[in-house]
Each structure stands twice: as structure tokens, then as C-alpha cells.
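Only one chain comes next, encoded as C-alpha cells, the form predicted alone.
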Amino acid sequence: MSPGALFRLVFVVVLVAFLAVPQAFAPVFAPFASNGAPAIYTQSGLLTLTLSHLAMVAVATMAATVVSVGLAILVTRPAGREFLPLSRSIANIGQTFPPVAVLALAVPIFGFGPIPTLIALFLYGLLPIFENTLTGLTTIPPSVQEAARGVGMTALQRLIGVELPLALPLILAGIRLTAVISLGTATIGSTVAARTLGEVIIAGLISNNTAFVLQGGLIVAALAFFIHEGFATLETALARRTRGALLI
């Protein structure tokens, strides 16, 4: 086992152990706790908050992926090329309005809870996936396209069997970026009563308890690291397979 793989394995074991039995790590965080304050956050289970946080990010990222990939496919077809400026404007909405502004606009309409946070994450995640998918679909070698036409593949068959598989590494890179950004951004959802790890961080800030802030921040950072590494590994494998297919 390589040192990098061993490090990741140890990292996973420590994270799982901390989420399962956080009180066992109290001596580690005790030096950062305020005088007399608890070292471990116990108002809600850290494992429960982590799963809720991940679920929110997953739902928002999947929704952003469906919409972004769909828009990119539309504007790369002959009949949809005129919609490229409009599609770019839609994908840019999340970058135009920061998540805090989206929350402020969504709460009066949808009330407190997870929905405003999901909307903010969804909008913020559109652009990276859209632009990467667009790049992937528009940079396929013309010779590959011609070969697909030469064997009698229809436009739909070329899209499903050739274009999307070749663009998949770039699409995954966009999804990876969206997921990692969403993991950090989701913490602000706790300001509108969404169940995220931001609850731990906010509790620490309010009570001036650095131990709580560290716990929430470290869990989010660890999750972002694992998701980044997982997607990066998958992208590398797919890119290698794609290069091999093009050489055949």
C-alpha cells in the first residue's frame, strides 16, 4: 500500500471513529474549549448532522447536474445553438446572486428549513457543470464524429455512445467542483434552520467555543477532501480509458 493510500485509510478510520464516538476525542478538543464549556458538541448528533449535510449537497448537486448537462446538450445540437446565450445566463444566476442573497430571497417565500438552502446550492452549482459539459461536448475530435457517422450511427446514438462518454471526465470535473463548493456553502444553511454542520460552527461562534468551530470545520474539510479525491481518481481512470479508445 502506498503512503498516500495509507494516509487516506487512516484519515477515513479517524473520521468514522469521531462521528461514531465523538466523546472519545474530548481530550483532543478540550484545550480549545472555553472555561467550563463542553469540548464536544452534543446538542445534535454529529453523525446525524453529517448525513443531513451530505444528503443536502447530494440532492442539490444531482439537480444541478441534470439541468446543466441538459442545457449543454441542447445548445450543442444544431437546433439549439441559438439558445447558448440564454443558457449561459441561466447557469450564471448562481454566480450573480451569492448564496446568502438567495437565502434572503427564498426564506420569505418557502419559509425556514432545507428548501432555501437547496435552492441556493442548486443555483450556485450550475455554472461549473454547464461549462465543463459544454467544453467536453465541443472539443471532441472531428475524426471521431466522422467515424461515428460513417458506421451509420444516428444523432442520438452518437450522443449517448460517443459524445457523452468522451466528455464524461470533464463533466465529472465540473460535478466535483460543484460538490466541493456546495459542501462548504451548505454550512450557511443552518442560519435558516437547515440541518447542516453549520449548526456546530454557529454554536461555537455564539458561545465563543473554538472547540465546536473546529469540529464543524474539520468534518466539512475532511468530507470535501474525500469527495475531491474520489472524483479525481474516477476522472483519471475515465480519461485514461478515453485516450485508449481514441488510439484504437
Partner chain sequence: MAGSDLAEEMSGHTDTEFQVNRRSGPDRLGALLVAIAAAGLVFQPFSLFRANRIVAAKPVWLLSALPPLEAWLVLAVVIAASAILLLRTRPALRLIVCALTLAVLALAVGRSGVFLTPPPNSYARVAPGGSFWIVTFAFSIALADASVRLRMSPLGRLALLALTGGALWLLLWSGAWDSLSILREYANRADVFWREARVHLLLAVGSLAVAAVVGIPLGILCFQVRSIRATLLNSLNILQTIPSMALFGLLIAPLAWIGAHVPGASAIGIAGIGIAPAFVALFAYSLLPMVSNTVAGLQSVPREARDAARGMGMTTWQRFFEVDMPLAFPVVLTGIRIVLVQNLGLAVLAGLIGGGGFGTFVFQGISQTATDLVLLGALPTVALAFAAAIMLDALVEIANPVSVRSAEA
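In this text, rigid core is short for the largest set of C-alphas that superpose within 1.5 Å between two forms. Positions refer to the first chain, counted from 1. Computed from a predicted model, the values in this text were never measured in an experiment.
In what follows, reference is made to the form predicted together with its partner chain, a form of this protein that is not presented.
Ser89 belongs to the set of residues with a heavy atom inside 4.5 Å of its partner chain in the model of the complex.
Taking non-hydrogen atoms only, Val100 approaches its partner chain to within 4.5 angstroms in the model of the complex. Looking at Phe83, you'd find a heavy atom of it within 4.5 angstroms of its partner chain in the model of the complex. Looking at Ala37, you'd find every heavy atom of it more than 4.5 angstroms from its partner chain in the model of the complex. For the residues Ile73, Leu177, Ala104, Ile115, the 4.5 Å heavy atom test against its partner chain in the model of the complex is passed only by Ala104.
Of the residues given (Val220, Ala60, Leu49, Ala194), Val220 alone sits with a heavy atom within 4.5 Å of its partner chain in the model of the complex.
Contacts to its partner chain in the model of the complex (heavy atom within 4.5 Å) from stretch 199 to 223: Ile201, Ile202, Leu205, Thr210, Val213, Leu214, Gly217, Val220, Ala221.
A movement of the C-alpha atom of Ile73 falling short of 2 angstroms is seen between this form and the one not shown when the two forms are aligned on their rigid core. A movement of the C-alpha atom of Ser89 reaching 2 angstroms or beyond is seen between this form and the one not shown when the two forms are aligned on their rigid core.
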